[in-house]
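What follows is one chain in structure tokens, specifically the form predicted on its own.
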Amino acid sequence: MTAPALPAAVAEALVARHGELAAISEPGPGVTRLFATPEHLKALERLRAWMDQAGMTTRVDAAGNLIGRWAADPAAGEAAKVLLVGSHHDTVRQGGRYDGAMGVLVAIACVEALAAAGTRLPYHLDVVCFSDEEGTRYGTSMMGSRALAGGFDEAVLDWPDADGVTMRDAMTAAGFEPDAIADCRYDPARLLGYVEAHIEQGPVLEAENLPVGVVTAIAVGSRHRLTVTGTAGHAGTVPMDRRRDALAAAAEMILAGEAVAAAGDGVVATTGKLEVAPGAINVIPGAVTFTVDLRAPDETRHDDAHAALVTALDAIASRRGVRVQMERIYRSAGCVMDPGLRAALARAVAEAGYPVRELFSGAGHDALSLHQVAPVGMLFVRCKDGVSHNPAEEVAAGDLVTAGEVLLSFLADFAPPTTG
């Protein structure tokens, strides 16, 4: 069997919509579309219009997730279950146009192809556009998918953004319902699974000249906020051997994190945010706050790296006469893709005429939330130079169409398991 082709008009729209959606952004390089901002809401409206045009029944839930349903064939009856497909439409600051959005647009294209063929499936297909996966505004990842999985932590509703606006207030102003987030949860007994197409965000597929690959698992990861406290002082009068420079200590700690990761097998560590106080050119820094994002292929390697990092931080702090406090603000246990969905995606890739390349994801995805309540599977799509979270993020038009056709093939062949 060969993979079905997207109708020409659907393929053209799939490519064009990435540019149209990318134009909905804060001013500046790349795409900046943060949760519950005007840009976020405008993009939500545009995506909903495309879902409506495709023939889906749409709704926005209390957490701001947009859900479009392509109803099951009536022959499936009331027993029809639900398969979720999609991704997210929020971004990092100055990110790219494909991370997250591609998965939503590819899923909409598949429904348009099904509608053009007059095809209904033996299950309800819910295309989901998660409201907040990146966590850029409030520092909590996968808020939207956690709500669908019933794992949303209501404590984050009181977290402020950089301007002091709490998540609760931002959601209320956007027309969402923070006090009803518990109602977003899908009944696990009704779920067949969750499948997501996403850019690889790495260089493997491009290096092997493959447009798509099948994901095997997602990394274990944690995020930490570190505070280093020294003593502020005059830049010209405090001798070098008398200083307790918080920034110099933090710099050494950041490099220690890099060294710990380099010594691990598949471990990566990143510092992406740093704040210095008092922040004057002629004052020795007295306090520094910075972040560490630590990821590894499994729990053992992650925890070993974490322990090594803590040991290194304590040694640096002691030697430099500063204090260091490390607070974990996020932890993901990672997940393994469902064997059945993984095999079905592999068949769809083969039917499209490509070798099946399986690969591991070092990045987190909404599948991490959904795997708590349903089987999950992921399709990776090649991106230029492996670049992501960057305005230079790029996916070839042909690869977008290939992703759509592979997902469409998967959907057409997928059969809910029988019971009884």
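So that there is no doubt, residue numbering starts at 1 and follows the sequence shown. Keep in mind that this is a model prediction, so the values were computed, not measured. Rigid core here is just the name for the largest C-alpha set that superposes within 1.5 Å across the two forms.
The form predicted together with another copy of the chain is left out here; the points below concern that form.
J.: Out of 278 to 286, 342 to 350, 165 to 173, 148 to 156, where are the residues with a heavy atom within 4.5 Å of another copy of the chain in the predicted complex?
T.: Selected stretch: 278 to 286.
J.: Of these, 119, 136, 270, 229, which has a heavy atom no more than 4.5 Å from another copy of the chain in the predicted complex?
T.: Of 119, 136, 270, 229, the residue with a heavy atom within 4.5 Å of another copy of the chain in the predicted complex is 270.
J.: Which one of 317, 254, 191, 115 is close to another copy of the chain in the predicted complex, taking close to mean a heavy atom within 4.5 Å?
T.: After the contact test, the surviving option is 254.
J.: Heavy atoms within 4.5 Å of another copy of the chain in the predicted complex: does residue 203 have any?
T.: Judged by the heavy-atom cut-off of 4.5 Å, residue 203 is in contact with another copy of the chain in the predicted complex.
J.: Can you work out whether residue 373 and another copy of the chain are in contact in the predicted complex, taking contact to mean some heavy atom pair no more than 4.5 Å apart?
T.: No, no contact at 4.5 Å.
J.: Can you work out whether residue 242 and another copy of the chain are in contact in the predicted complex, taking contact to mean some heavy atom pair no more than 4.5 Å apart?
T.: Yes, residue 242 lies within 4.5 Å of another copy of the chain in the predicted complex.
J.: Look up in the predicted complex whether residue 82 has a non-hydrogen atom within 4.5 angstroms of another copy of the chain, and give yes or no.
T.: Outside the cut-off, so no.
J.: Only counting heavy atoms and a 4.5 Å limit, does any residue of 362 to 380 reach another copy of the chain in the predicted complex, and if so which ones?
T.: Result: 362, 363.
J.: Does residue 258 show a Cα shift reaching 2 Å between the shown form and the other one after rigid-core superposition?
T.: After core superposition, the displacement of the residue 258 C-alpha between the shown form and the other one reaches the 2 Å mark, so yes.
J.: On a core-based superposition, does residue 159 travel 2 Å or more at its Cα between the shown form and the other one?
T.: The answer is no; the displacement is under 2 Å.
J.: Against the shown form, C-alpha atoms of residue 36 and residue 289 in the predicted complex: closer or farther, for a change of 3 Å or more?
T.: Residues separate in the predicted complex, at least 3 Å farther apart.
J.: Between residue 164 and residue 276, does the Cα distance in the predicted complex come out closer or farther than in this form, changing by 3 Å or more?
T.: Farther apart, which means the C-alphas of residue 164 and residue 276 are at least 3 Å more distant in the predicted complex.
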